[in-house]
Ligand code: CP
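A single chain comes next, written as structure tokens; it is the form predicted alone.
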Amino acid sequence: MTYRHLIDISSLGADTLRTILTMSNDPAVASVRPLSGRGAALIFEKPSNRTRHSMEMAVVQLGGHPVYTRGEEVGFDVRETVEDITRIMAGYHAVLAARVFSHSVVQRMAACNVVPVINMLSDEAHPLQALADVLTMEEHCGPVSGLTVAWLGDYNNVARSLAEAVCLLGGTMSFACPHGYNASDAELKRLTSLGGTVRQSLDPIEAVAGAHVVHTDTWISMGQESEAAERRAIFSPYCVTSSVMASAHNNVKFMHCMPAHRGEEVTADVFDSASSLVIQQGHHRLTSARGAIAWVIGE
């Protein structure tokens, strides 16, 4: 038997991505309660607000029992190997989900092929966030295929997964990232091969021109605290301000995966404005989690 896994967006393909999005929006998926009587292990090497609450409630709404587990409780490759942990937990749970530092951990879990595995975040990908982002954009802005989506800041795991989703669905992705923190030429070519249009600039104003949605993320992620001062200096020209937003489409929306730092990557007047979709975006983390879990377990 081959199990379904959600490790990154690009491995899904456009049709499967659309299937998960459709399932996420379908209330009938929860009414079937496909996890009834079964458990879901939620393993967190990195703490999270939205991810923990959305995944736990998604499991409950699907009829299952979530088991929150801290990273030190399993100790990937310290207390036990990734493979041993995965095979043992497969005897207890219908699905394993992990929020990890290294992408290779979730890849190794999936390679065991003993239970469906969901990547709740790794250093390379954040597929659940990308699903929530697409659900939010399509709800408020229309099909992604007709959108230009701008990203300002670090080309990080969130940016990569968002770009994969936008490209698979035929949209346009426009990046403004400082030199050394931008997507490589090979990465831009890979994204383009997924089916969308991709462009990159060092100039935020150029990148947001005509954009329907502007995304950003914190400049300093967990594990990068020692780089804080350097990163603030490098990324300061990429702050999303009202003047930056004014260069975009006349009905532009702002999105941020949160947690946000007003006055750093975005000004308060943009983050708290009527054009901001950050709360709706956060709420769709539950919607997308429900669809993703239902899909990997085969419902």
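All residue numbers refer to positions in the sequence shown, first residue = 1. Since we're looking at a predicted model, the values are computed, not measured.
Same protein, other form: the form predicted in complex with the ligand, not shown, and the subject of what follows.
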- Message: By the heavy atom within 4.5 Å rule, which residue out of 259, 37, 237, 263 makes contact with the ligand in the predicted bound form?
- Response: 259
- Of these, 186, 78, 88, 222, which has a heavy atom no more than 4.5 Å from the ligand in the predicted bound form? 222
- Query: Is residue 273 one of the residues lying within 4.5 Å of the ligand in the predicted bound form, judged by heavy atom distances?
  - Reply: no
- Task: Indicate whether residue 99 is a 4.5 Å heavy atom neighbour of the ligand in the predicted bound form.
- Result: yes
- Message: Please determine whether residue 129 contacts the ligand in the predicted bound form, using a 4.5 Å cut-off between heavy atoms.
- Response: yes
- Task: Report yes if any heavy atom of residue 61 sits within 4.5 Å of a heavy atom of the ligand in the predicted bound form; otherwise report no.
- Result: no
- Task: Pick the stretch from 265 to 273, 63 to 71, 45 to 53, 26 to 34 whose residues have a heavy atom within 4.5 Å of the ligand in the predicted bound form.
- Result: 45 to 53
